[in-house]
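Take a look at this single chain in C-alpha cells; it is the form predicted on its own.
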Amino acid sequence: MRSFNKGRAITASVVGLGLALSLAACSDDDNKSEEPGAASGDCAAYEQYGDLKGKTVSVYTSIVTPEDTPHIDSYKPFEECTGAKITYEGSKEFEAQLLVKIKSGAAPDIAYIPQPGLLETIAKDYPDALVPASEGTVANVDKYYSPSWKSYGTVDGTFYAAPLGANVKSFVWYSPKQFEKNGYTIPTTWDELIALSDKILADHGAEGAKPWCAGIGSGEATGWPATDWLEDLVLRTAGGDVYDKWLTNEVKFDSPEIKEALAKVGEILKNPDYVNGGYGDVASIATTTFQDGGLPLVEDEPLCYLHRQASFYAANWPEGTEVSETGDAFAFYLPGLTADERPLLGGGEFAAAFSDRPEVAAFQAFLASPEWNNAKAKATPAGGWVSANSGLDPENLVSPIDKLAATLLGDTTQEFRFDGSDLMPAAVGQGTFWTEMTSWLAEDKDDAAVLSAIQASWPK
C-alpha cells in the first residue's frame, strides 16, 4: 500500500524545492530547465515516442500530497519533449473508486495499482478493461527489471502493468539524536527490540512517553499498516515458505503459524504500556492516520521513540526534518528473531493501461524507462522514493534512507517477499484483512476471532 493525505498541517520538504536536471531543456523557455524534473538534453531518448502534441494522458493513483508533486514534476521531460500533456489525479479512495470508474466506463488512461491482487481482480472481473502492456513497456521491463517484478504485473500469462516505485517495508523509524542522547543502540534481534522498548518505558514512561507510536488510518484503506506488521512477523516466525503458502491460502489465516505471528505483533501494538505515544491508548492506533503516526518521534520532547513504517515515510516528516543517520529521523531494519535471519518485506506500484492509444502506450513505456526513474529520483530531493529499475543511477538518490533501501533491495542474501495483502485476492487483501486488523485494535477483537473472520472471507 501507498500514501494518502495528511491530517496535520505539515508541508513536506519535497514541495517547492528547485531541482534542475543537468541537461538543457528542450523547451523554448529556458526557465523550465530550473524546475524540478525539467526536460533534459536534446530529447534524443524521447524521439521513439514521436510527436504527441495535442495528446493528453490521464493518470489515476493513490499517491496524494505531498508525494504527488515529485510525480507530476517527473513527467515534465516527457511532456516537453513529446508535446503530450499528463493530467494527474490522486485519491485516498483509489482502490474503491478505480473499480467505480471502470464499471461506469470512465477508467483513466493509466492507473498506478499498488496491489497485484487488485490487478488480478480487474483482469478477471473486467476482462475488456485492461490493455496488455505496450511493446515499448515490455522491452523496458525485460531489460531493466528482474523477472519477479514482471510477474507481479502479469495475470494468467498476460503482462499488463509495469513496475513503478518500490519500497522497503521492514523499517523502524527512530531519532538518531534521541538515541545518542539516551545511550540507546540499534537492536539486531527481536528480543533486543523488546528489551529496548522496556528500557524506553523505564526511562520515559513517567514523562508520559511511550516506546512506540503508530497509526493505521488511511481513508477507505484503513488497516493496511497493520497488515504490514503481520506480514513482517509471518516472515520472521514462520519463514518464506509458509509465507508463500499463506498467500495462496494453502496455509490458512487461522493456522498456528499465523496465530503465532499475530501474537508477536500484539506484543507491541496491543501492549498499553508500549503504545500509542502522543495519541492515546491502543484503540487510538485505528483512528490515527498513518501519515501522522510517527510525528511525535521528532518533537523536541518526544512522546514516542519507535515507529514501524516503510521507506516512503521519509516524505511525511515535517519540513526541516533532517533525515540521516545522525539527524532527527532515520530508520533501522526491523530485526528478525536472530541476527542472522533477515527477511525483507517490500512493495511497489504498477502502471496499468486502460486505453489503447499511441500516447498512452508511449507514456507507459516511459514510466518503465531509466529516463523516468532518474527524473523521478531527481524530482524527489527530500527522499522517500526508490525503484527496482536497474537503470536508476544510485547517485540520483540524494536521501540516505533511499540509498539504504536500494542497498537492502539489492542484497540477495536477504529473503525478499512482496507485500502479502497486495498479492492476495482483493476481497481479502484489500478487504477483510484491512477491516479485521482495524477491529483487532479499535475494538480489542481477539486474535482467533480476527483470523477466523479473514479466513471465512477467502473466495471459494
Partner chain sequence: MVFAVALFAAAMGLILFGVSRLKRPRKWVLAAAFVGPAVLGLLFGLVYPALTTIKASFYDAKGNNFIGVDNYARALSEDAFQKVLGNTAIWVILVPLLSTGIGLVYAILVDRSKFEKFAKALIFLPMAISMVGASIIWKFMYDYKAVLENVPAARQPKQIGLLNQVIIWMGGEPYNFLLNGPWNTLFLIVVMVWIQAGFAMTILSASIKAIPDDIIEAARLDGVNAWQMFSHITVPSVRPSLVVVLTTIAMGTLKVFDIVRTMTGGQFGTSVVANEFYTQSFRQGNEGLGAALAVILFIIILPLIVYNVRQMKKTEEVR
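Everything numeric in this text was worked out from a predicted model, so none of it was measured. Residue numbers count along the first chain shown, from 1.
Form predicted in complex with the partner chain: not shown, discussed below.
Can all three of Glu220, Thr287 and Glu301 be found with a heavy atom no more than 4.5 Å from the partner chain in the predicted complex?
Judged in the predicted complex, Glu220, Thr287 and Glu301 all sit within 4.5 Å of the partner chain.
Quick one: of Glu207, Glu135, Glu180, Glu250, which gets a non-hydrogen atom within 4.5 angstroms of the partner chain in the predicted complex?
It is Glu207.
Between the options Gly391, Gly431, Pro400, Gly50, which residue brings a heavy atom to within 4.5 Å of the partner chain in the predicted complex?
If I apply the 4.5 Å criterion carefully, the residue I get is Gly431.
State yes or no: in the predicted complex, is some non-hydrogen atom of Gly280 no more than 4.5 angstroms from a non-hydrogen atom of the partner chain?
Answer yes; at least one heavy atom of Gly280 falls within 4.5 Å of the partner chain in the predicted complex.
For Asn396, is any heavy atom within 4.5 Å of the partner chain in the predicted complex, or not?
Output for Asn396 is no: heavy atoms all beyond 4.5 Å of the partner chain.
Can Lys103 be called a contact residue for the partner chain in the predicted complex at 4.5 Å between heavy atoms?
Close contact exists here: in the predicted complex, Lys103 approaches the partner chain to within 4.5 Å, heavy atoms only.
Does Asp191 reach the partner chain in the predicted complex if we count a contact as any heavy atom within 4.5 Å?
The answer is no: Asp191 has no heavy atom within 4.5 Å of the partner chain.
In the predicted complex, which of the stretches 420-428, 42-50, 58-66, 400-408 has residues with heavy atoms within 4.5 Å of the partner chain?
That would be stretch 420-428.
If we check the partner chain in the predicted complex, which of the residues in 102-140 reach within 4.5 angstroms of it by a non-hydrogen atom?
Heavy-atom contacts within 4.5 Å come from Lys103, Thr121, Asp125, Tyr126.
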